[in-house]
Each structure stands twice: as structure tokens, then as C-alpha cells.
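As a starting point, one isolated chain is supplied in C-alpha cells, in the form predicted alone.
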């Protein structure tokens, strides 16, 4: 039985509380929430003890692991304290706001033999997992381009109030809060880029953060990549993420619901014949015991609980893989500044 503490019970914290709380091999030993009215409401509904800060929870309950669902700017402090006290850590994305900090955390976790994971849930979606498998197995031949996109109606008008997501210094903005998912997905499928050759961050409605991100990548394998994310796109009802991979034998297109594979004549692969094949998430997603928002959220929790049990410092979505995403984000910021 893994004894786990939840740090922060905002939108994602409450989601994690529900999923971890329903897990048969997990005991929630405490919750950190600095806002008294939120903490009291959660405690009254769950009976779980609440704490004002992560230090008190860790020192008093000695958990096996914690889940960090606080503003991005706080991740370094909370994760460092936990790892230094032999506590395994799940952190909501992005890992940190600096690839140097992310690398340090990844090395600290590995050196202490502690499970570490970041909440990039796309890696647990069946369609995207099949994309990665097919590409890495050579189904589309030599890759020459990868295209990752995400759009949604998060910020659709100028805002008068501010939260941490609208403050650059706290990790807000489309790049860290939205594009990071797509960068990580592209890394999952084809590996990290060698360099960022062009980037633009656009303000549409926001003042302190960007609302759209566009970037061009160059990969060590000699192929190219393009990132396009926009959280001020009202043509989508909710976040829509897609990836396309182009190769010498064909191409693959996928979103959360559907996988489309086109293979050229003579390039059939396993159950994928020449021409177009369409497969759906219902055929590709492994079942989970608890459903909330999507199977991928429970699947990543299952993976972390297993990693905690085995003290596995190299699980799926490790701090090290998240470092690669943060490295790319740093390069996007640098390239945007250089081009202005």
C-alpha cells in the first residue's frame, strides 16, 4: 500500500485526489492546501488531514510519495524537498520553468533511486502510443517530417483578473501550460529535436503571456518538425491535440480519438495493408479500473503507483524525459527573443 500526499487541490489536484483515492493500492495520508476555505471543504468531504505546506505534510506523515499539483513556479522547491527526504514524486507538467532545474531534479531522483514522473498524459493515450510504436518500428520508413498541433478556447477575450496561469513568472502562458504537452508528445514519438531553428510567441488577448506558439525543429536524423499551438482558438470546443508523421513509406495522422495510417504500395506492415487504415481509441486504449476525464489519467496514476512500489527511477514520463521537453521550451524562448 503506497502512502501518498497530495500537494495542491485546484483543478488537477482534485482530479488526482479522486483517482489516487480510488486506487486499491493507495492510502491518501494528507493534503496540502493553503486556502483555508478550500482545505476545510476538502477535509469535511474526505476526512483526510490537511496541512498548510508541503514540509509539514512530509515531516509529519512520512509518505512514500507525493503528487505536486501547484503552480509551476513552485515545483522545484516542493520536488527538491521531497526527494531530499526520500519521498518519491509525481509532478504536474511542466516539471519546472528551467531545463537546468529539471536536469538537477532528474539526477537527484535517479541518484536516490526514487520514482519520478511528470503528468504528460498524452503518452498514455492508445492512439498516440500506437503512433510511437509504428514510427519506432519503421512502419512509415524513413521519417522526414513531424507535425504537432494543439488548439482550444482557453483565453478568448481580454481578462481583467489574473491567476498564476496568466503570469509569465509563475509559469503561465500557452508555451508552458499548453504547448509543453505537444512538445512532449513529439519527443515521445520521434525523440527530442537537435535544435529549434525558428519560433514565434504571439499575444492575442493576454498581456503578460503568449496565447499562441509556432516553432520549427531540426532533428539529428535529418528530418524537420513543426509545432503549432493556440489556446485562443474558438473553433474548438476544448483542447484538440494532433500529431502527423511523414515518412518514405507513408504517413500517420492521429488525435485522441482516431488513428489514420497510409502506407504506399508494397509497404504493408503487420495488420496495416497498403492504402488507408483507420483505427479508433476504443480498439487501442487499454481498460482501466477507474474512469475520470479519460482513461489516460488513470493509466498514468497506475504507472506511478507501480513505479513507487518498485522504487523505479526510470518510469514512463520520467523527470529525465520531461527535462528534454523543458530543454526544447527554453530553446523556443531563446529563438523567439533572437528573432525580434
Partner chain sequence: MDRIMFGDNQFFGVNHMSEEKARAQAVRFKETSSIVKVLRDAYEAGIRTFMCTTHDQIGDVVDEIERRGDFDGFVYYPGMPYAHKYANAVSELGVMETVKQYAPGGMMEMLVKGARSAMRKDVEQLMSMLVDAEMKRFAKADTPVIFLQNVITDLLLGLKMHDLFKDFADHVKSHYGAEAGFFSMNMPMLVPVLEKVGIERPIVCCNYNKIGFRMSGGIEAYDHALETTSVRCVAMSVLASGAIPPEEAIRWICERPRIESIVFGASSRGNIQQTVSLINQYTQA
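Not measured: the values here are computed from a predicted model. Numbering follows the first chain given and starts at 1.
Heads up, the form predicted together with the partner chain isn't pictured, but that's what we're talking about next.
> Examine residue 271 and determine whether its closest non-hydrogen atom to the partner chain in the model of the complex is within 4.5 angstroms.
Because no heavy atom of residue 271 falls inside 4.5 Å of the partner chain in the model of the complex, the answer is no.
> Does the partner chain get within 4.5 angstroms of any non-hydrogen atom of residue 153 in the model of the complex?
Heavy-atom contact with the partner chain at 4.5 Å: present for residue 153.
> Hey, in the model of the complex, does residue 29 get a heavy atom within 4.5 angstroms of the partner chain?
Contact check for residue 29: no, nothing within 4.5 Å of the partner chain in the model of the complex.
> Against the partner chain in the model of the complex, would residue 256 count as a contact residue? Criterion: heavy atoms within 4.5 Å.
Yes, residue 256 is a contact residue.
> Counting only non-hydrogen atoms and a 4.5 Å threshold, tell me whether 134, 182 and 335 all contact the partner chain in the model of the complex.
Spot residues vs the partner chain: no contact at all.
> Sort through 121, 176, 165, 249 and report the residue having a heavy atom within 4.5 Å of the partner chain in the model of the complex.
Spelling it out, the residue with a heavy atom inside the cut-off is 165.
> Among 104, 202, 236, 145, which has any heavy atom within 4.5 Å of the partner chain in the model of the complex?
Checked against the cut-off, the match is 236.
> Go through 85 to 93, 209 to 217, 256 to 264, 190 to 198 and give me the stretch that gets within 4.5 Å of the partner chain in the model of the complex, heavy atoms only.
The contacting stretch is 256 to 264.
> Counting only non-hydrogen atoms and a 4.5 Å cut-off, give the residues of 87 to 124 close to the partner chain in the model of the complex.
If the 4.5 Å heavy-atom criterion is applied to the partner chain in the model of the complex, 87 to 124 yields nothing.
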